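Taken one at a time, structure 1 and structure 2 that follow are two forms of one protein chain, written as structure tokens.
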Structure 1
């Protein structure tokens, strides 16, 4: 097993002024390659601190990833420390200079001395191009360890990793052939899911591992197969998924990078259908889920945020008797809202939400977290009551997810 360490350099991370997301991303990608992260560290913009951590890593890791400390205003601290650490000098690297010059040329800007100096690299460095910025990436093979220094800007680091570093790692370490597939579920908690699939999990072949990746309302299952033959591994994983699917089919909304709002969008397009939403407690969040997806205008016509009862009455024509007798958080109210938005926007479907997101507004009969949702179609309205237990933002988020899932299962004719 190849052992990796990840080091982040920068006072702004050390003092908590920025959240470091690079380290998580790198370790997640390494895990997919079968490279085991054994330590993550952050140190400040100090030559002494950087040298100390490099010396520590030398005796523990096979590969060390270093991000940050390469910007022009950082005085290129990392490069100087690396040159000293590897007992070499900084010299102008012609490939790096060509890249940084072109970077400025393309943008019609002149190359300043500070930016020119970004092409000064330790002579032992193998230069790796950065197409997204001016800070260079460097690969060293010293002391029996591979050292990779990358800029800290996340989109630059990710592009370098994907295009350059990961292929080099695979070829250098001859990492095992690995195949991954992520199965995405909604509407079921991690422990209940694990109960449902435990027999299947226990009978997985030895070369296939399962990981649970839970987040709010969604649990991802990742299957990882190790072996010699990629096509064989793909086939093995698909066989296992074919066995798994019947056990939890209703909960699976997609695979890999599928997002729930996108999946719902594809189903609507496939059914040549359109939708509009009437939101009370979600207050725009549900519409925002739809409209985050580029191209959603094909099926998402829009909606009404009826935050006040007056708007529920005047724009959505919810009757006084419903609002007075059952209240705004009721089955009758969301039914009326869903029907009304469907007619008003002339769509195939109308979705409505109304609930108590909290922290205030709860009562004994309708505590915080009580939510009703409804989906209206031609001649039919489906409703669901939710009892959520999170804070305001979590309750809003869970209501949107439940709404999207109700639409998904309705379109798949898979409602229990």
Structure 2
């Protein structure tokens, strides 16, 4: 096993002023290579702290990734610390100087002394170009460990990793083959899902592991296979998925990078159908789920955010009797909304949402998180009552997910 450690440098990370996305991205990419990340650390702009974590890393890792602290200002200490740590000096690297000079020339700017100093590198460093910025990447082979220092700017780091570092890692390390397949489920909690598939899980071959990856409204099942034959591992995983699918088929909406809104869009296209939405409690969030998918204009015709009762009455023609008797958060109200939006937009389907997102507005009869959704077609209206009870944004998000899932299951003729 090749063990990796990731170190991010910068006071701004520790202060919470920026979100460290680098470690997650690097870990994900290393996992594809069969390199196991064993530690992640963040340190501030302190030479003493950086040196301490470097000393710790060399005793437990085979490769250490360092991001940040390579800028031209006085608080960027990484190059100086690395030079001291590897017992060498900083000298002008001609390849790095050529790159930084061309970077400024292409932009019609003069190379200042402070930017010229970007080309000062530890003498033991192997220069790796940064085509997206001025801070070079450095590769060291010291103390029996590979050290890779990269800029902290995410798009610069990613480009360097993809174009330069990953190919070098592949040639340097002999790594095992690890194959992942992610199954995405909706409409079932992690514990219920575990109960349903426990016999299947216990019978998995020893070289295939299962992980539960829950998020709001969605549980991902990740199958990971280890071995030395990629095609064989893929076949093994597909065999296990074929055994699993009949147990939870109603809850599986996709695999790998599939998103529920995209899956629903494909189903609508397949059925040559269109849809419009009438939203109250979701406030446009459901429409956003549709419109974030490229090509959605083929099936998503638009919607109305009927947040107030006046708009429900004037635009969607929800009757006073429904609003006065049952209220806006009711089965009768969302039924009327779904029918009306379908007729108004002349679509195959109309979807409606109305509920109490919170934190205020709840009552004993209708506590916060009470939501009604409805899907209208030419001949019928399908409704569902949700009791969510989360915070406001959770309730909005979960209502949108449940609405999309209702459409999905309806189009698959999988309602029960």
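Here, rigid core means the biggest group of C-alpha atoms that superpose within 1.5 Å across both forms. Everything quoted here is computed from the prediction, not taken from an experiment. Residue numbers count along the first chain shown, from 1.
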task = Assuming the other structure does not fit, state which one is the form predicted together with another copy of the chain.
result = 1
request  = Enter the domain rotation angle in ° for the smaller rigid part relative to the larger one between the two structures.
outcome  = 12
Residue 110 CA shift between the two structures in angstrom, with the core used for superposition = 5.7
task = Look at the Cα of residue 85 between the two structures with the rigid core superposed and state its shift in Å.
result = 2.4
